[in-house]
Structures are given as C-alpha cells and as structure tokens.
Ligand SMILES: O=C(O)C(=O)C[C@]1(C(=O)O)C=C[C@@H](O)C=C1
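Here you get one chain, nothing else, as structure tokens; it is the form predicted on its own.
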Amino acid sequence: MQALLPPSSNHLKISHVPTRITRLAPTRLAVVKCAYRSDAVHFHNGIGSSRADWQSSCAILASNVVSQQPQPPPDKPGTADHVASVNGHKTNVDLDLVPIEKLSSSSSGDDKSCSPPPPPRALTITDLSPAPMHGSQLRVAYQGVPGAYSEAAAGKAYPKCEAIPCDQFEVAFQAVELWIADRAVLPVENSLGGSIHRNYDLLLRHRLHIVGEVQLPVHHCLLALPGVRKEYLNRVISHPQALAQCELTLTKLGLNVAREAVDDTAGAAEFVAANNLRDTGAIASARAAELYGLEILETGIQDDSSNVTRFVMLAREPIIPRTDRPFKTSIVFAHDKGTSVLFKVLSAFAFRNISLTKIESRPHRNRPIRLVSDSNEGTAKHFEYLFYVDFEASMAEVRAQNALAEVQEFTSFLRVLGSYPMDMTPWSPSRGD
C-alpha cells in the first residue's frame, strides 16, 4: 500500500468536457494524493502518522500519567519483569500505582509542613480514546483546494476543524479509513446540477458511515487578476457544474467567451493567479478571490439564487440513532426481479407515513444487463439497478425498523448507509454572502 503523500508535481488534472470546452494543465496547491501504504504518512502542515502510531499514542499517554509517580526500588519483588500493556501495545512503563492509603500514612509523621503528594489521577475513557479526543483539532477531509465550497461545508459542519484538501473524492474516503482524517465532508447533490454520482458509487464501495448532513448555499463570483476588466476576458474557467449554473448570467453580461472546465472552482482561481492570465476569468467563491489575490468583477452570477449543495459527513463508526430530534436515514438496495418490485418496496414506506426525500438509481456494476427470461433465447433484456433512498425517520423508531424488515423481503441486497440528524439550519437565498 502507498502512503497518502503531497503531489510530486504541480499539475492540476483537468476533467473531460464535450464540444467547445477544452482542457487545461493548471497548477495547484499540495493536496492529499490517492494511494495505499502502511508506512508513515506526512502532510505539508506537519500532521500525520501511521495507524500504528495512533494506536501506540495511548501507551505514550499512559506513560505521561504515571511519569511523576514514586518509582519502586529495583529489588521490589515482582517488578523486574513487569511490562505494562495499554490498548494491546506493550510498554516498559510501570503502571503499578501507589495505593492511596500508603500516601495517607506517610503524611502522619512529625513533619507537618511537608504536604503529601497528591494521589495519581485515574485513567479515564477520554485518556484512552484516539485523536482528536486529546484536545487536538478535528481533522476533516474534503475534495478540492483551499477556497473550494467543500472547504466551506467542512467548516460549517465542524467549526474550527483542520480541513485537509484531497485531490479526488476517493482520497477523502481513504483518508478517513486510514485514520489520517477523522471525518470527510463530501457533496452528494446540488439543487441545480442534481446528484454527484461518483460519490454515490463510492458510498457503496467503502465502509464509512454517514453521520450527518450540511446544506451550503452556493454563491458564485466572477474573478480575474487585479486591474483586468471583464471586457478583456477571452475565456472563463471553472468546474463544469459551476459553468452550467452561470451560463445565462454570463450571456447577459455580454461575455462572449469560451467556457473551459477544470477540476474545481477554487482550482480555477489558483490557476489564473499562478499563471498570471490576464485574459482569463474564473468562477469561484469570494474566499478563493481572497486566498489567491484576485478581484471580484461580478458577484452572485449563478442563474438561480436558490443554488444549494447538500454534503454528507462520513466517519469510521456510525452514531447512535435518536428520536429527540429529526433524523434522516440513507439506504441502498438491489433486487433480482427488475424494477417490477420497486412499487412494493416504496409502499413499505408509504403505508407507514415515512416521507422519502431522495431516490437515486445507479447501474449494478456486477450485473449491468439481465435477461428477462431465465433461458438464453430471445433478445428481451433489462438493466440491473441499485437504488439509493433517503427517508425522514430514525432507525430508533419502530416504524423505520418495520419498513426495512418489509423491504428486505423484496430485495436481494440491503445496506443502511447511516441514520443521522437532519440539517435544520435555516437559510435564505441572497445575492451576497
């Protein structure tokens, strides 16, 4: 397995776009690269260690707790070969604590001016928990470079977190699986652009759990180098969805420019600044303009002000479902009899008055096409699909448990991706942040 290392080159990978959209080779900041390896991991800002190092940190913590305790004499029976074990890892630290009554008896002497040493503090579950429970920042992986909307979503989901940029969606999944990050915040759908299918496929491929959601209003800006007027622009670059979301507004501004796609919005701003392109504008956030020294030529250029992206928060372990606040549950299922039983599956939720908020179908990669008949005669075939469903109920509710029990009768595969609190944060569309 390879380690997640900063990229060895400064080339920004360009997504494929049809017709008039061309390709670029921009530079970008150092981000986490996709790989697997079991040796040490390093980041540009100093974070990172192997998983074994994280596990052994419990033993280091235990040694700090007992380091100020009185050491037993070398000839004390039973201590010569004593080896402590914390979290399954051996350490040469002697965890033989001093009894409290022995400390009390030592203080009963004639010397009243010398107070007895305090008793050793007992280890708690907080001490033996993995990072970031020791006071460090929560590490949250996102796709893109600093200034991306995903970085803003990570900050909204986990305020004051340490955001870790990744060059691909799959890298963010791997960063959490390899304990390099504690959480990942990734987009799954946009109110204008629809579903991000890549992340739906990765949710099934990886074993992470959805532990929350956050909805982020998207506010696009037209950026350029200082002193450049929009009339001087020959092209505008950004993420393909951002270009599509601003197409009408760009036309209304009288910009007859070529629209070219790159991997992300903030990467477009970085590319313009790094290459001193005075004929090129970028569609990105106001924060990207601040980070890369660009000027905002136009603000709020999205065609629809109600432009919202929904992100999910991923973790290695699921959270415990509750009923004291609105919850949402995400599942994925497949069935062997085509789409004919889909009505029965959906009826399991309708009969229990459970509202569906999302249903998405994706081709079944293992069996994309299936013969209608069991025999090989004839040409009638249909496609095999996986169905992703979000519904408004907690898995702690009996009605949700009964609904999934009924769904399981009609499906060949069923998996709960997560049961998590709904994002109830109010927001209002506006033309400015």
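All residue numbers refer to positions in the sequence shown, first residue = 1. What you see is a predicted model; the values in this text were computed from it and never measured.
A second form of this protein, the form predicted together with the named molecule, is not displayed here; the remarks below concern that form.
Remark: of stretches 235-243, 154-162, 348-356, 204-212, the one touching the named molecule in the predicted complex is 235-243 (heavy atom within 4.5 Å). For the marked spot (Y200, E360 and F391), a heavy atom within 4.5 Å of the named molecule in the predicted complex is absent from each of the three residues. With the partner omitted here, the residue from D182, D264, D167, E270 that has a non-hydrogen atom within 4.5 angstroms of the named molecule in the predicted complex is D264.
Scanning F311, F327, Y292, F173 against the named molecule in the predicted complex with a 4.5 Å heavy atom cut-off leaves one residue, F311.
When the named molecule is considered in the predicted complex, V140 lies well away from it, no heavy atom lying within 4.5 Å.
Although the partner is absent here, V218 sits close enough that one of its heavy atoms falls within 4.5 Å of the named molecule in the predicted complex. Though the partner is left out of this view, A148 does reach within 4.5 Å of the named molecule in the predicted complex, counting heavy atoms only.
Although the partner is absent here, I196 is a contact residue: one of its heavy atoms lies within 4.5 angstroms of the named molecule in the predicted complex.
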